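Just one chain follows, in the form predicted on its own, and it is written as structure tokens.
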Amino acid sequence: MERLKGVLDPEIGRSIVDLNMVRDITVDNGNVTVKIALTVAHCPLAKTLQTDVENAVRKPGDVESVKVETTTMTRRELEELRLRLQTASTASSTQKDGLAVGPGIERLGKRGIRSIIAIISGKGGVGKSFVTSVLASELKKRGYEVGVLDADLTGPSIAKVLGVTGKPYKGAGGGIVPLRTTSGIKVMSINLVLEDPSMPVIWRGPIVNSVIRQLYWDVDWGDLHYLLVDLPPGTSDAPLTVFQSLPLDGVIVVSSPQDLASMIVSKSVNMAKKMNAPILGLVENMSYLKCPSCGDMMKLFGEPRGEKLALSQGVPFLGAVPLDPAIARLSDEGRIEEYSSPIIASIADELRARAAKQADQLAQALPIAWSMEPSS
């Protein structure tokens, strides 16, 4: 039990002993069995916790084998735990010892990542994952080292559209090694961790916050020029966690022509402004359909209004992307990297120009600048 005090619950960030998760320990001739009560059934991080328990018990070298069994806390036990955490949170400002809540929403560092850009929209189904994946592909084509973090825990799609399968693993340095696409883009998504990707993620806010932070901080991204973060729709816990936790260098807003979408997207723009996140601009997706026979523009979702929306919000308009059946086909086949969009390509060029300008400014202030060029 003493050795297990150093094992932290991966979702709450506190000792499993303090959280009363250790339910039974048996020792028989050096063979140890530990029973742990998980706070969430079918937790995707259960294997991480099991490994941590095994390592902690084996640490002194006097144990032959370790077996970890899991169960799940009852509703009553979870409610009691919630009340304990709330009480500890209230007292934490004056009392430093005892049980406290999980990690706060402090800003995390960048490590080897030059630029972190979030792709947001208040409305679902406007194509954030499409813009994220194609922009990542365009940047990779220019020679940059690129990573994509899928922060949409309840509707993750990045791994699918980029054709990434398999399970991430722990590297020699202890960090989780992200998987790579065909072109070499690094990808991390909750779907890559789940035993069954078709099972829903049914988590409350505090767990969502913790998992998003882990998907960023516990992953060994290495040296990246760009990390693109695909956010879920809305302005609730997950987007707020990204805005508060990640050192964002910019935000790209995605909209579609419908008036309803414009109204809801405005909420995300205002959220980014309130969080002091630089807005790089707005792109309108599915703006029109070009007839393959006559070449006419068919406005399936109404009159394009992206430029007008961007003007009303005081943000740059990055362009209108047409509706293209090839996008759905390549996404379903995990081959979206093969798609090329002039509008998204222009956004990639704009990011490159911004980076070059920042590097020049830095070079004037420092003897050696941290270049954003692919060769650095």
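So that there is no doubt, residue numbering starts at 1 and follows the sequence shown. Worth saying up front: this structure is predicted, and the values here are computed from it rather than measured.
One more form of this protein, predicted together with a further copy of the same chain, exists but is not displayed; see below.
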query: Gly234, Pro304, Pro168, Gly250 - the one with a heavy atom within 4.5 Å of a further copy of the same chain in the predicted bound form; finding: Gly234
query: In the predicted bound form, the residue from Ile343, Leu323, Ala46, Val40 that sits within 4.5 Å of a further copy of the same chain by heavy atoms; finding: Leu323
query: Answer range among 122 to 130, 219 to 227, 172 to 180, 76 to 84 for contact with a further copy of the same chain, defined in the predicted bound form as heavy atoms within 4.5 Å; finding: 122 to 130
query: is_contact(Ser293, a further copy of the same chain) in the predicted bound form, heavy atom dist at most 4.5 Å; finding: yes
query: is_contact(Gly155, a further copy of the same chain) in the predicted bound form, heavy atom dist at most 4.5 Å; finding: yes
query: Heavy atom of Asp332 within 4.5 Å of a further copy of the same chain in the predicted bound form; finding: yes
query: Contact test in the predicted bound form: Gln214 vs a further copy of the same chain, heavy atoms, 4.5 Å; finding: no
query: Contact at Leu4, Thr72 and Met188 by a further copy of the same chain in the predicted bound form, all three, heavy atom at most 4.5 Å; finding: no
query: Neighbours of a further copy of the same chain in the predicted bound form among 181 to 201 [non-hydrogen atom within 4.5 angstroms]; finding: Asn191, Leu194, Pro197, Ser198, Met199, Pro200, Val201
